[in-house]
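Listed next as structure tokens is one chain, alone, in the form predicted on its own.
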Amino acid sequence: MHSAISLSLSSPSPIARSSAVNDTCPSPPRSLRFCGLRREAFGAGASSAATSLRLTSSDSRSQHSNLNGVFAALKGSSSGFDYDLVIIGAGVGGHGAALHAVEKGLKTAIIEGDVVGGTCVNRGCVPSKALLAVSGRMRELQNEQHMKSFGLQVAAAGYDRQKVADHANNLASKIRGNLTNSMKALGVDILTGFGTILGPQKLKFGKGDSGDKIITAKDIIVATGSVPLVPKGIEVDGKTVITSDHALKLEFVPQWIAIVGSGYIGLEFSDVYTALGSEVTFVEALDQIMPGFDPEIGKLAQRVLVNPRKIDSYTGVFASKITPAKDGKPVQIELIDAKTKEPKETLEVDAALIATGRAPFTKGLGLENINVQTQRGFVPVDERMRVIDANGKFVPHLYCIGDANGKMMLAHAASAQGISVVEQVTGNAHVLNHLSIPAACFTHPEISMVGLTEPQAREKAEKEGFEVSIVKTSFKANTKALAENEGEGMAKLIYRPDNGEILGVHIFGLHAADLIHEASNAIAMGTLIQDIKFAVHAHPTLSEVLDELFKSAKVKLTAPKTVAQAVPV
């Protein structure tokens, strides 16, 4: 499950640098703006052979070095601390950092006070995808016209609520076990308890009593994640007024459910509930539903995902008070105008799902012991995830990744940030390009995106003085989509015609969540349109939607092409 994405387009405000900053993380050259794969990082003399995908002797040496790193981590820390790296929080972000740390030869421990996997595996991305897999199949079986177009006749589709819920729970358990086993197999110490920072490079873990154990670490990563955000005035009873944590258990399917918030979380649950027979009412504070998406994609998605289904909406209103069902009375939702705060009306529904986003879980971390003040609960960090104290200085050897820092509240963003931090503490200057991180909404059809929306791109262009161009392609022109009778969809490319830079890509259609990665990787690696349009895509595949998209773009500047060296086969 996804939460709100916040990306700042402006330059970060200047921060007073501490003289005690980790000396393994020198400031990168000005040209190294993002990840180490950008062209500027290699310098003008970089050989094209350095990026060849062929297996060479250097690749073999690299693999041997990685194995040495694993064995070194198993031997113990050589830094004079109990551990080279301790991670507080064993969610997807902490897990990604731990595995990369072991690969780099660091003695690593991870502290978890709940269960391995964090929000994503146990109460978010993973179980929600299990429910969405069910809703997708239900929709297909319920669409008589769609099935007849294939020459198929299907009897009335039904479902077993408990078995659907078991599918989600079993998937979460399986993935949780996989994560745990992968860390144990590589020698990561899994420490049970709540982690608290006592001071620089010092922390404790346990139940918060006299039995807590104190350990030291050369570097510490905070990866404590987030919890559902419940606004004031809303009473959650876990039965009729619920958060996504409760909804994923699917303890009952209400006849009529109000979903407060129409972002990723709300939209995905509307897909599940309507497929299982519920009527849905969105309550959205902004003037339109699906506010976080590119406006053009949002309009198309609303026409397909909302209008034909049993969904209505109230926009421009707050749910000022929600009372759970009791004494034979339904759930009551008091609505007020979002701008004037004047009362509007009261809704009576069978259940209400609070999908207003997520809040960082940072209380009790001991941040006061290192003079760190949270901002709306988020731990302040710079572009390298280094924690900033109340005086604007870096806290030595302390980093924060994932939902707890609020940069981009996505599980894979947390993992990428964790890997970036490990690169830094092992001596490699690395800055993650958050504009290259994709996001997806797993509705039917799916929505995916990377980079800037069209309004964001035009705002940036106006400030920096460049032109923006847009090209679009339709799934109705794609052979594979038509073979699946899934021609409803569109891909949109936002780019600079003067130099071929990809600013953003947005997709709505069949398997959009899988298709977006070609674009996100292109942005991460600094690949320009005039280069990527020569990439070859298998036919017939959905990937040709992006192939046509890139080929449709017109770049004014004829930039020199880097031609890969021919490989004899």
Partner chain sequence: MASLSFSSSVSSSIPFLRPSALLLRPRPRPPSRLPPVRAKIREIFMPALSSTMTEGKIVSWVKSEGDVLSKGESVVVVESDKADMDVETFYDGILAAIVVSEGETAPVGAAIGLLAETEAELDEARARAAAKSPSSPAPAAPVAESPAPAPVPSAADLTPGKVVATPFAKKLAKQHKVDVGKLAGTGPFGRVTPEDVEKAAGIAPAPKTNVVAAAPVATPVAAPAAPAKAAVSYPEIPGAKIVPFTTMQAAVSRNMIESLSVPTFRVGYPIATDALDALYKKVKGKGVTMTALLAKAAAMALVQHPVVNASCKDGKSFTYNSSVNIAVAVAMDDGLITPVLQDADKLDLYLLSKKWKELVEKAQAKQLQPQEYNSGTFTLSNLGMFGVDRFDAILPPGQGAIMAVGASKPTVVADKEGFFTVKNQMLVNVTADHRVIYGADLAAFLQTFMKIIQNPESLTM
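Small disclaimer: the values here were computed from a predicted structure and weren't measured. Positions refer to the first chain, counted from 1.
The next section is about a form of this same protein that is not shown, the form predicted in complex with the partner chain.
Student: Name the stretch, out of 326 to 334, 287 to 295, 429 to 437, 169 to 177, where some heavy atom lies within 4.5 Å of the partner chain in the predicted bound form.
Tutor: The contacting stretch is 326 to 334.
Student: Since only the chain is shown here, I'm wondering whether K393 would be in contact with the partner chain in the predicted bound form (any heavy atom pair within 4.5 Å).
Tutor: No.
Student: Please tell me whether any heavy atom belonging to F252 falls inside 4.5 Å of a heavy atom of the partner chain, as the geometry stands in the predicted bound form.
Tutor: Result no; F252 lies far from the partner chain in the predicted bound form.
Student: Quick check on R303: any heavy atom within 4.5 Å of the partner chain in the predicted bound form?
Tutor: Residue-level check for R303: yes, a contact with the partner chain.
Student: How about F361: is it within 4.5 Å of the partner chain in the predicted bound form, going by heavy atoms?
Tutor: Because no heavy atom of F361 falls inside 4.5 Å of the partner chain in the predicted bound form, the answer is no.
Student: Would you say all of T281, V349 and E488 touch the partner chain in the predicted bound form, counting a heavy atom within 4.5 Å as a touch?
Tutor: The answer is yes; T281, V349 and E488 each reach the partner chain.
Student: From the list V164, I370, I311, I234, which entry has a heavy atom within 4.5 Å of the partner chain in the predicted bound form?
Tutor: Exactly one residue meets the criterion: I311.
Student: Exactly one residue in K321, H146, K460, K472 has a non-hydrogen atom within 4.5 Å of the partner chain in the predicted bound form; which is it?
Tutor: Comparing distances to the partner chain in the predicted bound form, the residue within 4.5 Å is K472.
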